[in-house]
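Quick setup: one chain, the form predicted alone, written in structure tokens, and binding and motion questions come after.
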């Protein structure tokens, strides 16, 4: 049985220059006590940076599962599909 890391290795990305994931308001993240986005994202896209008091978004890692659209308790993450030709390609087998 493959590990998650091994399965994620089979994914191929064509990264766009601009993020398809947008934090609507960093102040909302600042006051979020649980910072759940760091836990529910399987690709570790979201990281709270204490020093900068903001959530960083590594959109290049996104596997387009859409969990962040419904997982953020304040709906503070805007998620749109990457532009045509960009995003993730799954390889099966």
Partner chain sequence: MVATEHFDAIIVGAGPAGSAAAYIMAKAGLNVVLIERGEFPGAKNIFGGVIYRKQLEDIIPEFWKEAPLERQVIEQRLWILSDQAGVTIGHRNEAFKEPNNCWTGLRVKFDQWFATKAEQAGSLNIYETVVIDVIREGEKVVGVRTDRDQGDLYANVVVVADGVNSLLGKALGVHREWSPNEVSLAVKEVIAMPKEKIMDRFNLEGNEGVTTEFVGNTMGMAGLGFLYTNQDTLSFGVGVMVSDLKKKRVKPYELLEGVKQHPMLRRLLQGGETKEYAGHLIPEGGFHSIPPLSGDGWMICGDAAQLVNFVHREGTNLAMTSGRFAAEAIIEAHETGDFSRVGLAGYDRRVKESFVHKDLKKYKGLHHFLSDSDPSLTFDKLPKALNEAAYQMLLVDGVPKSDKQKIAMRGVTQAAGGLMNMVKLGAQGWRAMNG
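Fair warning: this is a prediction, and the values are worked out from it, not measured in the lab. Numbering follows the first chain given and starts at 1. If you superpose the two forms and keep the largest set of C-alpha atoms that fall within 1.5 Å, you have the rigid core.
The next section is about a form of this same protein that is not shown, the form predicted together with the partner chain.
Run the contact test on 22, 52 and 59 with a 4.5 Å heavy atom cut-off to the partner chain in the predicted complex and return yes or no.
-> Heavy-atom distance to the partner chain in the predicted complex: none of the three under 4.5 Å.
Using a 4.5 Å heavy atom cut-off, state whether residue 10 contacts the partner chain in the predicted complex.
-> Although the partner chain is absent here, residue 10 would touch it in the predicted complex, with heavy atoms inside 4.5 Å.
Is there any non-hydrogen atom of residue 27 lying within 4.5 Å of the partner chain in the predicted complex?
-> Because no heavy atom of residue 27 falls inside 4.5 Å of the partner chain in the predicted complex, the answer is no.
Give a yes/no on whether residue 80 approaches the partner chain to within 4.5 Å in the predicted complex, heavy atoms considered.
-> Close contact exists here: in the predicted complex, residue 80 approaches the partner chain to within 4.5 Å, heavy atoms only.
Classify residue 70 as contacting or not contacting the partner chain in the predicted complex by the rule of any non-hydrogen atom within 4.5 angstroms, answering yes or no.
-> Result yes; residue 70 sits at the interface with the partner chain in the predicted complex.
Scan 24 to 61 and write down, in order along the chain, each residue with a heavy atom lying within 4.5 Å of the partner chain in the predicted complex.
-> Stretch hits, in order: 34, 35, 36, 38, 39, 40, 41, 42, 44.
Once you line up the core, how about residue 81: does its CA shift reach 2 Å between the shown form and the other one?
-> It does not reach a 2 Å shift.
Comparing between the shown form and the other one on the rigid core, is the C-alpha shift at residue 18 2 Å or larger?
-> No, because once the rigid core is superposed, the C-alpha of residue 18 moves less than 2 Å between the shown form and the other one.
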